[in-house]
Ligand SMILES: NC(=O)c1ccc[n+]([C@@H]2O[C@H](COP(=O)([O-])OP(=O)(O)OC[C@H]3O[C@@H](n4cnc5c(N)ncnc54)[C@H](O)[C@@H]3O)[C@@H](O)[C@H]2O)c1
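Next up: just one chain, as structure tokens, the form predicted on its own.
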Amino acid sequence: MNIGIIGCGAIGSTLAKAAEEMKEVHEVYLFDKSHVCSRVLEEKFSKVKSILNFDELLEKSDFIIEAASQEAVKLFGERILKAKLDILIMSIGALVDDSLRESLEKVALENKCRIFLPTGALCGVDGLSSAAVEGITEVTLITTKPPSALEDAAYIKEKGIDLKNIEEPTIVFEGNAKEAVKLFPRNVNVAATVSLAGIGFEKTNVKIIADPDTNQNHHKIIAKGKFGTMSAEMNNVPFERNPKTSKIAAQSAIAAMKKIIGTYWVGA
């Protein structure tokens, strides 16, 4: 199988390295607005090829992974599906846009291809999906991060929140997932995952906490419904190449890639 990857940042380059080591992968085609970045990886790995033209990426790939940004999902998602190629979307927050999500679903159905969404920095997504079969009444996601991981969010600046002077765990946002994903596009992709697995963006409650005493990203899912109750939480080490995300998010992408191109799908 030949894999196409959009984006050569921390996640994209990690995926390229992992694909290089998979016997099922013949070639890896990289497409990035920074041709310098993709060429550096081309020189580093034998299977990796830098692609300058997006149509060429579609022509040569059997499966494509978006690892760039929410904007990349908007720009390229439909084109990939219309080319009858499956896509793994890393920037899941893009799907908070109802019209985009519904359009991608429609095009995927018409072209008999699939949209894969990795679990990212979460655990418990499989249980949440199972619970949703017969109805969930309530879902809350509590995300706790070091203040430095939130400092680039426009919402923090607009509200005049002084992250540097926070001395104890402080709630910086509380609302639904639709608001959270839009206001923190680089910080809470996990809220989109929880929403899609459970009861939707508007019904999913989100609380974001800045904690000066932690250097990890902590996510806790609490759900209630006909199935009973569930609580799932993880303390994640930040990804060394991008502290705004968790190390396991990159590992989740690799695990998803292995499932898609491999023989076994454990946890389906």
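We number the residues from 1 along the sequence you see. Being a predicted model, the structure only gives us computed values, none of them experimental.
Although it is not shown, the form predicted together with the ligand is what the next lines describe.
Contact annotation: the ligand lies within 4.5 Å of heavy atoms from the stretch 72-80 in the model of the complex, the single such stretch among 137-145, 151-159, 72-80, 173-181. Distance criterion of 4.5 Å from any heavy atom to the ligand in the model of the complex singles out Asn242 from the list Ser50, Asn242, Asn205, Gln216. Out of the listed residues Ser34, Ser46, Ser231, Asn235, Ser34 is the one that sits within 4.5 Å of the ligand in the model of the complex by at least one heavy atom.
Residue contact with the ligand in the model of the complex: Ile6 places a heavy atom within 4.5 Å of it. Although the partner is absent here, Ala68 lies within 4.5 Å of the ligand in the model of the complex, judged by heavy atoms.
The shortest heavy atom separation between Ala19 and the ligand in the model of the complex exceeds 4.5 Å. In the model of the complex, at least one heavy atom of Asn189 sits within 4.5 Å of a heavy atom of the ligand.
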